[in-house]
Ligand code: ADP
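Here's a solo chain for you in structure tokens, the form predicted alone.
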């Protein structure tokens, strides 16, 4: 194994390894033997540190190195490692003195580090602010098929941070689907049950800006040591690191140190790791060490539950038909749904009027373009009822009259074709029928299209009515 002793000074032995993988291997398998040997040769004050080659360099540029102390507790009575790793990087001088000086310099203590969030104040772990929003909790995070895996994994992490196989936990999904709510709920839960843990929530954008500021102020050491104090690091919108090589390098080494020390890492992204571009492969590979869970657009039932939960929190009363109308009209994301509710409450208060279906439709006209003209289930039901000359309410009734059954089956067929509703949600809109009834209806219509020329003509006519929408 290409391990090279670099320097011995002040009872500190610095050994150079060619990559972080060698560093991690030594720490995992041989650190106790190394510490016993150092204790035997250098005495109780002996200390081991590593100089890791992170860039081999070329004929014009010297290699770049990363200096880290050992992170594992010694079996023999050797002195403790410095309180935080020295993560400063720079060109490796041909003089061993330069390398040894950088590695052996003691890291600043926790009480003298500059906090990137509050640069003017000294750091004390007991008073570090986690940057969390206390309103984000598991109690008000509605569970559904769209987020069940992510929520369950998040709760497991919150109960046992750093000890589950979900480390790191990566949560990804589109805008407004609850990523930030979920990861902050993890942080709030940990703070409530483990007051001694330092939980830190930070966006990737803020992390980058802090790192840039530390470079400008020649305080990279302070920046690094601050983040190494963290017990649970929550990094939001990690895709923002794309293309920022220096910031990625810093995060890579912070990630390695925290993960190896058993600290919990939680991240969010707008896409799965395999689709992230502009990020180093070594960083992406570490994102896949734990669990990657996605958040999808909430289904109809989940949207209903979100609205009802919001009503309960805000102490407002909305008629059931309005709740149902909102749930199937706003099917993109939770944030937009909450925006509609806020608008309705504001209109109700300003106009001193109870919230009703007409007010909801008026509110949606201003927030969602052409809602009434969209091909939604209401429009499909109305169009099919008119075409087959049956009362609209019978499509949701129990009647088995042939003409009603045909209209209902055709409406279900087009609901499956033109909307994003699940089979269960479609059945709910037709009098609470189950998903198997919807499947049967869709298959029946498909078979009739193939076998009945007259029926096929009717479907073509109806399809034209939906095509312009």
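In this text the structure is predicted, and so the values were computed from the model without any measurement. Residue numbers count along the first chain shown, from 1.
The discussion below concerns the form predicted in complex with adenosine-5'-diphosphate (ADP), not included here.
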Item to check | Listed residue (259, 253, 286, 179) with a non-hydrogen atom within 4.5 angstroms of adenosine-5'-diphosphate (ADP) in the model of the complex | outcome: 179
Item to check | Heavy atom within 4.5 Å of adenosine-5'-diphosphate (ADP) in the model of the complex - the one residue of 192, 277, 350, 175 that qualifies | outcome: 175
Next on the checklist: residue 225 versus adenosine-5'-diphosphate (ADP), in the model of the complex: is there a non-hydrogen atom within 4.5 Å?
Outcome noted: no
Item to check | Partner proximity in the model of the complex: residue 203 to adenosine-5'-diphosphate (ADP), non-hydrogen atom cutoff 4.5 Å | outcome: no
Item to check | Interface membership of residue 359, adenosine-5'-diphosphate (ADP) in the model of the complex, 4.5 Å heavy atom rule | outcome: no
Checklist entry - Taking 4.5 angstroms as the cut-off for heavy atoms, does residue 213 touch adenosine-5'-diphosphate (ADP) in the model of the complex? => result no
Next on the checklist: Which is the contacting stretch out of 203 to 211, 320 to 328, 142 to 150, 383 to 391, given heavy atoms within 4.5 Å of adenosine-5'-diphosphate (ADP) in the model of the complex?
Outcome noted: 142 to 150
